[in-house]
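To begin, one chain is listed below as structure tokens, in the form predicted on its own.
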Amino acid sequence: MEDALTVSRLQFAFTVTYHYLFPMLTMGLALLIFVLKSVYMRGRNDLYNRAARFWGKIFAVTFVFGVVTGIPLEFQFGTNWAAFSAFTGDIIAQTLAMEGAFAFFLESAFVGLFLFGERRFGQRLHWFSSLMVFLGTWASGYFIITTNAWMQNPVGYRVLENGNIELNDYWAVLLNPWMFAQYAHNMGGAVVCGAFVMAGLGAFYVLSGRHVEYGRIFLKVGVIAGALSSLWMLFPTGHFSSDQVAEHQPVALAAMEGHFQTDREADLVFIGQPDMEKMEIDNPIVLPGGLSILLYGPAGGEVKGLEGFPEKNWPDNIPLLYYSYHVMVGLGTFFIGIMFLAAFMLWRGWLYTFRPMLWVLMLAIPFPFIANTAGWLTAELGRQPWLAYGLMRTSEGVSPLVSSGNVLFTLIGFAGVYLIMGLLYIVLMVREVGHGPEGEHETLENTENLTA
């Protein structure tokens, strides 16, 4: 059973991490496409309209890959986590069903209208479709976050005589206090991702001397959105998320910070390596008393270390949790520096000609994906050893009749298929980037001629 549990966790971690690479981009781009289309509607500058259509195609391809890679996650609840599904299905099935029935169909329907309905239905409906794609995409994220928030902080349920649980307060689940900070932080991370991709592609176009007018638009929109969203990730959402973990999951906070001993003047660790045998941080660079001040203000306060909790309730991979958290925070700090410097240069009129900064923006494209992945690892590793925090341990939720060999076989199959899909996605993206926004008008004309 232990081997089956390990491989089942590895399979879900692999598939959900791969899948989330696509939604984090579409959720960020959905807002930026709406911004581009709104700017066009206000000033009637056709460059912004073609830019919106170009990013709409990037969005559509990414959306399709997100849908395909998300389907196996739903099935794994029944195949690999049957005990968890039976125990919590009356609750999490509600939010997952709403995501599929409402948000997904809203999003997918208006994506088609945005791609093919502009000339037929006019600019106002085209703008409205961009708004609905944005709302549908973010509503989809809301229902998924609500599901995860319930696993982090179970609410709105009652325990039955047979030991199972059932929903008794639907609004408590939808308005879970844990959800608000988590949703705001997650969607901010998606905007950071979309902004870096847009700004990075704009930098590529300007550096290569191709589609330069569009490259400047992408840089302007991407840098402004990136600066605002990067700051949003630090404060207020990052701060509120940390306070929430400190209140509801203090053992996770201790592991994230590498805080082993209880202390009233707990140091904030910037860099160091956790030594689980000695229960200390090797080679630390710290801010003395910084963690106590961060959590409780200038007066400070006692921060409970890992030693103050039963070892059976510790996260089961503390070094990975510690490193994931610090990678997320470290990259987030760099994002603020990069984007605010780029925003200053944009304001001064230097950005479009200062090639070193353009190179930085272009080469930074992968790092928001890494930071978002590290953030989700932090949230999920911190929740361990619980599937539903305080209600069901991860070891209790695995399917009892599924062998580790079966799960490993499907994991290898997923890895092979996802490798092929990843290569296909790269080919499609290179093709679209090569065509560029200036090909949008010709493509639209050809589409109309074919359908006339």
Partner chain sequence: MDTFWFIAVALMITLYVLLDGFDLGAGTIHLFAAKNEQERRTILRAIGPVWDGNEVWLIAGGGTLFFAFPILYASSFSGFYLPLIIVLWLLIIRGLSIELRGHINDPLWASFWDGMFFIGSTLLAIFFGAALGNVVRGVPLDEDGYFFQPLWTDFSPFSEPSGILDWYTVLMGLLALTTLVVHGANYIAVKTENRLNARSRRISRFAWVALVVLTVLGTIATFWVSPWMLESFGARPYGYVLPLVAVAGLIGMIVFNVRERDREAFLASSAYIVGMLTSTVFAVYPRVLPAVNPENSLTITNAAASDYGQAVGLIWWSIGMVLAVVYFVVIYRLFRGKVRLEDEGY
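Bear in mind the structure is a predicted one, so any value in this text is a computation, not a measurement. Residue numbers count along the first chain shown, from 1.
Although it is not shown, the form predicted together with the partner chain is what the next lines describe.
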property: Full three-residue contact with the partner chain in the model of the complex, heavy atom 4.5 Å, for 78, 114 and 424; result: yes
property: Interface stretch in the model of the complex with the partner chain - options 356-364, 269-277, 102-110, 370-378, non-hydrogen atom within 4.5 Å; result: 102-110
property: Contact of residue 433 with the partner chain in the model of the complex (heavy atom, 4.5 Å); result: no
property: Touches the partner chain in the model of the complex: residue 120 (any heavy atom, 4.5 Å); result: yes
property: is_contact(residue 250, the partner chain) in the model of the complex, heavy atom dist at most 4.5 Å; result: no
property: Close approach of residue 401 to the partner chain in the model of the complex, 4.5 Å, heavy atom; result: yes
property: Contact assignment for the partner chain in the model of the complex, among 144, 295, 92, 206, heavy atom within 4.5 Å; result: 92
property: Residue among 386, 40, 34, 65 with a heavy atom within 4.5 Å of the partner chain in the model of the complex; result: 65
property: Contacts with the partner chain in the model of the complex, stretch 3-29 (heavy atom within 4.5 Å); result: 11
